[in-house]
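One chain comes next, on its own, written as structure tokens: the form predicted on its own.
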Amino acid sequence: MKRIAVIGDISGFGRCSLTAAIPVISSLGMECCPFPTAVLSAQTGYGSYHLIDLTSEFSAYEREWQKLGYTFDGILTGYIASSAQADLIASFIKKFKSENTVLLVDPVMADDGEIYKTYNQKLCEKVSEIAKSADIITPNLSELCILAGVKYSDVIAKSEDGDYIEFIDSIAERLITNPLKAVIVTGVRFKGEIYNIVREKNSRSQIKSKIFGSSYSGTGDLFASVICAKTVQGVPLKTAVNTASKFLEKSVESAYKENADRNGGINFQEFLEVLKDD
């Protein structure tokens, strides 16, 4: 059985991070090995929550994994809470990533042109360095701009242009350098639809989905989990993105029709079978 290490936090409420990755990866017939960075009573979008930071436990947890001698077919990283965590995650990758390991980095840093309030310039720089070591990255538009050193306002200024998607693709293409093989720019809104733009070294594709309401917690985590798992299975990237997009579209539509709280995430559990379509 193939094995994927997922580095992230776990929340009691809010279907995101590890509570999203574990069922997705498991449903695709792989072992999901959680490396928890923090435990939260509820994800940070809620008005109140309790957080237990596990940074001080990283080294001991890692040592125990090394004793087991296991290797990983995939490694997935997402939200990073501090510069200290970023350093430890970079070290983890060096120790556990082999030549055959798929490393997917979701460079969680920002949205709508603003870095998250728990982030700063130093942490963004560290996340950017980790992203450079990945095989695949899944930034949203704000994160793409940070990684490429482009002003978000300059990109948004072109959002009504007919070649907007091609313009974003040209920015993503700049990031393709060894070992980074693919950049998937997620959640780009254009002409009433959501686009996921897939840039590989010698090709570009785009997958469109319907828009239902505003954003929901955990969609990026679910998307990255599907892409990592499918890539480990050897599924072509465009096919993996198409499957992930269909899965999220159905799950978001269900949450929208239910008028679900965006902090609680989307109704993905009832659509896990969609992931087995390709």
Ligand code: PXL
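The structure presented is a predicted model; accordingly, all values stated were derived computationally and were not measured. When you see a residue number, it is the position in the sequence shown, counting from 1.
Note that the form predicted together with this ligand isn't included here; everything after this is about it.
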item: Region of this chain that lies against this ligand in the predicted complex, out of 232 to 240, 247 to 255, 218 to 226, 52 to 60 [heavy atom, 4.5 Å]; value: 218 to 226
item: Check all three, Leu40, Val108 and Tyr116, heavy atom within 4.5 Å of this ligand in the predicted complex; value: yes
item: Residue (of Tyr195, Phe72, Phe92, Tyr79) lying close to this ligand in the predicted complex, criterion heavy atoms within 4.5 Å; value: Tyr79
item: Proximity of Thr44 to this ligand in the predicted complex, heavy atoms at 4.5 Å; value: yes
item: Interface membership of Ile266, this ligand in the predicted complex, 4.5 Å heavy atom rule; value: no
item: Heavy atom of Val24 within 4.5 Å of this ligand in the predicted complex; value: no
item: Residues in 224 to 259 with any heavy atom within 4.5 Å of this ligand in the predicted complex; value: none
